[in-house]
Every structure is written in structure tokens, then in C-alpha cells.
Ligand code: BG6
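One chain comes next, on its own, written as C-alpha cells: the form predicted alone.
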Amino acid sequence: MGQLGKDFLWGGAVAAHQLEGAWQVDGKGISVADVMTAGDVNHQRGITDGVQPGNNYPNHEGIDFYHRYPEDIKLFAEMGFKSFRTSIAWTRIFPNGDETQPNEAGLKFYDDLFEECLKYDIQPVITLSHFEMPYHLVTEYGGWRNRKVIDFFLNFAETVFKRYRNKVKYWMTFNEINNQANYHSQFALFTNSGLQIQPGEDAEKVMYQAAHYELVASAKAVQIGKQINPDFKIGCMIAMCPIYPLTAKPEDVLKAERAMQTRYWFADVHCHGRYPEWLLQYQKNQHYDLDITADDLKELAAGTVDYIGFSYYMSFATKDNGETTLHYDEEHDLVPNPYVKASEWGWQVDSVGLRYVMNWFNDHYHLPEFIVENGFGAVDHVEADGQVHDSNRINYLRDHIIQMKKAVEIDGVDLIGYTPWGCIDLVSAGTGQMSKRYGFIYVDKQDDGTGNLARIKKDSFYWYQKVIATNGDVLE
């Protein structure tokens, strides 16, 4: 029976664009996140044509982590963090994305940030591309629909691999690369790949092409990283929402199988280095003439990942709708699961699903796993005495850690670490809100931008401190 090892990487996770702020400081360029306005539970975030006056762009300030990171890292250390997952903002290093020479001020910022982490024996866990590609690559090249972007990304990856070769061991290439499986979502296509679908275009075909270029870029980055430091551990990052059949009706089961294939073929390519047979046949049947070369396929095979990083927040369900084509469409084919409850943002809370997906990944890929996002977004209130009581978040995380431990101790899953999402309150990627809070640390900032950015330890701060100190043995 396995156990969580003494080197298990307890920690927390964020993304640069959601907390750093300082969007034009020290030479930083405009990213796709910088042209996204605030939304809410009922309204999708807007995407503007560049930065337009009069709009609320919450990522521009974030929580000013750029200037306040020493105090925040100190708080993470007080909780006992062994790791801190964040991203390197591509536009801090290459403001437009297509420069040949990097911006030294941006490189220096991450030198200082990683040194601050290492001072407390906190391992940086770094995502290269986390929904913050340079906006210039969208306007000038069409985002990841353009093969040229592969080389721009590799220049960025090689630059930071070399610069931080002795400071960062754990890397991931593209955050939640499979979100764009929902190709109807302009938000997913834009944040993942800088795609803006034009009238008359087949969004699904464009997504498959862009994803291919990203997967080639990932595979080549893995190879470059290993040459720079053979001790690097470079993983993928998959958004894992298992899709259950609504019933045991065989047609429902088959529909759920295709749904899982449609959402997770990205992991097949990352881990196996090749496209699955069903997808090749599907693209052939659709008469998609994609730009996939023999050299590309060799790169995919040569650049497989060391581990599977994944997010887990919720599960989905689907059912047969009488189609003969067995096509899964995430925009229209999901149904409520009557056996689980949902958060006020409609996210179905399913802790047992975490154990299920850990086994699913293990059965399919037989690689180490790293839970790099898991969390509960909710409205928090500061009481009159200055305290924040977030028992709902504690309960959510406790239930998931219990299932995580079962997957390790009973099912034998090899798990590297656990970094709950939004360990400090930050701007929600999906809605642009501050009021959808995830952190162990409350940040005094409201959806309208008001607040003094003061940091307050929530009840969950002290609870998670105890969890880490006991290596997950004390969860009360």
C-alpha cells in the first residue's frame, strides 16, 4: 500500500495574469488576458479589440503580486508550502512574442520570485503558457492557427529553461490545453490559442489545427528542456472533468466513452506521442486536410511528457440523444448529474470523481500524476472581528484530499503533489471576478476594483497549515 512520501509537494497554485498585475511595468507587453473585461456568473467576459478606454480589465492590477510577492511567499511559507505553482508571463519576457531578444527586466523579476521561493525551500512549479500569450501574436499571426508561432514559443521556452535551469525543476507546457475541445466557446479558443473564428470558418477544424501546432511545440520544448537540464521534469496540464454516462443504458455509456475520447485525446498525444485511431478516422471522415507533417509526427513521438499535471474541480454527465454519428459536443450534450450538488456558479461538486480520474489517468498512461489545481470558488465575508470563516472551502478540500489519499494508498497511484487552486484570492479566469474567491488568504479587493489589497488569513489557512504539517494525516 502506497503512502504520501516525505517529499510530497503540498502547495498552492496561481497564474501570472490572475494575480501579478503590473500589466505595463518593466516592459511587459499586452497579453490576451489584458484585453478581457470583467464578467459574472451570467455574463461571459468580453474580448475587446486591444485595450479600449472605459472598460474594466481586472487582470491589469490583479492583486499586485508583482510588487507584493515577498509578503505573499512568506505567508505561503508560514502555511508550510513545499511547492508553488505559477506561470511565467510570456509578455514579460517577449512583449510582442516575436522578438529575438528577451526583456531583461522580465527575466529579472522571475529570478527574484524564484529565489524568494527557494529561500523558504518552496519548489517553483512553472507553466510556460497559462492563458496569457502575447496579443500581438493574435493580431499579426492569427494566434496558434499559424505554424510560425511554434518557433516563437520555442524561443520563449528555451530562454526561460536556460535562465532558470538551476531554480526550477518542475515545468508544464500548456495549461488546460484540452479546454478548447469545446470549440463553440470563443472564450476557450481565445484564452487557449488566441483564436478568433471568422464568419464561414469551421471552428472545430481551426481548433484541431491550432492544437496540433501546440502539441508539436510542447513536444519540441520537452526535448529542448531535457538537453538544457536532464533533471527537468516536464509535464502536460490537462483540465480533467470526467464525463459519466447518465444511466447504464448502453447508448449512454457509449456516448460517455466518446465524450471522454473527445476531451482527452490531447493527453494521448502528450503521453503516447501519437494521435488515437478514432480521431484520425474522425478527421478523415470530416475531410479535414490539416497541416500535419511526417516530421511533426516524429517530434510528437520524441517529446512525450514526464508526468501528467491536471486540474480537477467537477465532473460532468452526458446521455445518448439518438445521433447516429456518435459525436460529442460539449456545448449541447452535457446533462445535470442528479447524484451530486453544484456550487453557486453551477460547478458540480464530486470528490469521489477525483479518485476516479486518478485511476483513469493511471490506467491510460502509467505516468506520475500531479494535481496542480483543485479548489472551491465561493463568496467570502470578512467578519466584524476581521476574520474570514470559510468552512465550505475546508469541507470541499478535505473531501477531495481523502479521495486523493485513497487513490495513492489503496489504488497505488504515483502522485507527486497537490497544489489547490488560487491559494491566495485572485481574479477568476472564467468570470473576471474577485468575489469568486478560492484562496486561503483573503485579499481586500472587490469586483469594482475597490479595496486596499490587504491580506487576511482565512480559517482555511490554519487548517491547510495543519494538513501539510501532518502530511495529510490530520484533516479535521
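Keep in mind that this is a model prediction, so the values were computed, not measured. One-based numbering along the sequence shown.
Below, we refer to the form predicted together with ligand BG6, which is not included among the displayed structures.
**Message:** Just to be sure I understand the contacts: of 141, 244, 347, 265, which is the one whose heavy atoms reach within 4.5 angstroms of ligand BG6 in the predicted bound form?
**Reply:** The residue from 141, 244, 347, 265 that makes the contact is 347.
**Prompt:** What is the one choice in 214, 132, 390, 373 with a heavy atom within 4.5 Å of ligand BG6 in the predicted bound form?
**Reply:** Checked against the cut-off, the match is 373.
**Message:** 90, 153 and 174 - do all three of these have some heavy atom no more than 4.5 Å from ligand BG6 in the predicted bound form?
**Reply:** Not one of the three qualifies.
**Item:** Contact flag, residue 313 vs ligand BG6 in the predicted bound form, heavy atom cut 4.5 Å
**Value:** Within the cut-off, so yes.
**Asked** So in the predicted bound form, does any heavy atom of residue 428 sit within 4.5 Å of ligand BG6?
**Response** Output for residue 428 is yes: heavy atoms within 4.5 Å of ligand BG6.
**Request:** Would you please decide whether residue 421 lies within 4.5 angstroms of ligand BG6 in the predicted bound form, comparing each non-hydrogen atom pair?
**Result:** Yes, residue 421 lies within 4.5 Å of ligand BG6 in the predicted bound form.
**Prompt:** Is residue 440 close to ligand BG6 in the predicted bound form, meaning a heavy atom pair under 4.5 Å apart or at it?
**Reply:** The answer is no: residue 440 has no heavy atom within 4.5 Å of ligand BG6.
**Asked** Which among 429-437, 404-412, 49-57, 22-30 is in contact with ligand BG6 in the predicted bound form, heavy atoms within 4.5 angstroms?
**Response** Heavy atoms within 4.5 Å of ligand BG6 in the predicted bound form occur in 429-437.
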